[in-house]
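Here's a solo chain for you in structure tokens, the form predicted alone.
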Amino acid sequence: MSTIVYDGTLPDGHPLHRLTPEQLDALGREFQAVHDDVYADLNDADAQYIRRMIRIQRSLAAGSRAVLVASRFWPAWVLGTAGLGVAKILENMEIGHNVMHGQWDWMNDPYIHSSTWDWDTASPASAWKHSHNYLHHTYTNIVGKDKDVGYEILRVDDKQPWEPRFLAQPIYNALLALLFEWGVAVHDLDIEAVSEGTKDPEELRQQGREIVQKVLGQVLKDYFAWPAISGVIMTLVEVGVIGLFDPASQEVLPGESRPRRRVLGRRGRGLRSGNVVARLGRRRSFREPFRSTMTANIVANLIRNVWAYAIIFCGHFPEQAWTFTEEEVADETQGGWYLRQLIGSVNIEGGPLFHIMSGNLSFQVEHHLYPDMPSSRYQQIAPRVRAICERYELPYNTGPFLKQVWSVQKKILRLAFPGRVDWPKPGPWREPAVAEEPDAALPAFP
């Protein structure tokens, strides 16, 4: 992406107030035209992109779990954990998030569809689609309406009234980064409504059941089933299938009495009396792979959680982003909605791999303008969006990753304390001038 250049001036008043109703209507038509042009152009190449991405992610996840079978050896643990962390990021960011947004519903593929897709995270799909697709993308950055503004535990805007509990928000913030999937899982419960007693009890019970079912499934899969598979395979490799069940070839483990036989069939092959599962648990060849695979899954989930937190927070909470009151967006038109999405979101600059790993949420501005557009098209339309910003003298919020991370963390730390802060906002976008090519007839150096 080209270097970002601003003219150094602050907007003359709030962007929502500077444009006339006629200008807002024209702005809305221009942004809608971008959406319509892309949807008219969607084709098999777009469908192949998401199918290819799913194949890559599934292959990476399967390969990483296969490597983790040998995770008792540290090179396999490191390689498998890193691969699984990347696979989980791809599944959540570029696939799950975008499929459940309806970005690929136009394909009419019953497997890759927002109504059927479920993702590898603790949040039930239905709860996430309500809190994110509906509430957040409808009421983006409207303080008091958009529950994603601070996720009900952080003060990320000075329009939020300060309370003493915010003094501890640097701690909440660190915990939220590490446990992000669990925070998202309970987000749609509407903690504020629950604490005030205004939540419908039946709705709360239904949501609670869905969360418990999804959480149990995730915990059993990552922290019991896959570790057990690693342990069983490594035990079979070590002693052989017959050796595991034939008492004649087994040593007596600590705490076991001399084995007894039970005749099985004509050949007389038998099993030790007692619980085979308990015996497995006492074997080093089972116990060590089980523990190491479980820790690998924990670390892979932490990697995914911190990455998702960083990308999402950098797209919503840097100092560049505008927030709104309900009064400011009263009687909002389509053009006003587009403008609110534009200035309430922030892009993150990076290369092609970075964009894929972020689920193309590095183009957060384009995503908020067009949440139902295939994410693979965001980079393509970004120049058109910037051109519209330049014509209407509107900001286009963007910056390098580390700059956005610092901006968010500084803001969270400052707003832990009382008081208002006038965060500086970027001025109207100005497309950087393209340097002229040197005259080909002249040598580059004397």
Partner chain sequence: MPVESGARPHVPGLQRRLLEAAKALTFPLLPDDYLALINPMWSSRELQGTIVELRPETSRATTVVIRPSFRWPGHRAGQYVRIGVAHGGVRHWRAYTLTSDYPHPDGLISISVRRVDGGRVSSFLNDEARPGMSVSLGEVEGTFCLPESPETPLLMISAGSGVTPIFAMLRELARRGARTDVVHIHCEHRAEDIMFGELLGARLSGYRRIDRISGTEGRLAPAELDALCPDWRERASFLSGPPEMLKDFSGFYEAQSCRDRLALEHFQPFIGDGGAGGLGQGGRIHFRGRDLSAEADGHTPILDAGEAAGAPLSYGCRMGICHTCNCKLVSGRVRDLRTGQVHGEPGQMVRICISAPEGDVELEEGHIVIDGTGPRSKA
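Since the structure is predicted, the reported quantities are computational estimates derived from the model, not experimental observations. Numbering follows the first chain given and starts at 1.
As for the form predicted in complex with its partner chain, it is not shown, yet the points below apply to it.
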Please pick, from 47, 381, 66, 26, the one residue with any non-hydrogen atom lying within 4.5 angstroms of its partner chain in the predicted complex.
47
With its partner chain left out of view, which of 153, 174, 302, 229 would have a heavy atom within 4.5 Å of it in the predicted complex?
229
Would you classify residue 115 as touching its partner chain in the predicted complex, given a 4.5 Å non-hydrogen atom cut-off?
yes
Proximity of residue 137 to its partner chain in the predicted complex, heavy atoms at 4.5 Å
yes
Whether residue 410 contacts its partner chain in the predicted complex should be assessed with a 4.5 Å heavy atom distance threshold; does it?
no
Taking its partner chain as it sits in the predicted complex, is residue 74 in contact with it (heavy atom to heavy atom, 4.5 Å or less)?
no
Okay, which stretch from 413-421, 390-398, 66-74, 37-45 lines its partner chain in the predicted complex, with non-hydrogen atoms inside 4.5 Å?
37-45
Can you work out whether its partner chain is within 4.5 angstroms of a heavy atom in all three of 143, 187 and 354 in the predicted complex?
no
At a 4.5 angstroms cut-off on non-hydrogen atoms, which residues of 14-32 are near its partner chain in the predicted complex? List them in order.
32
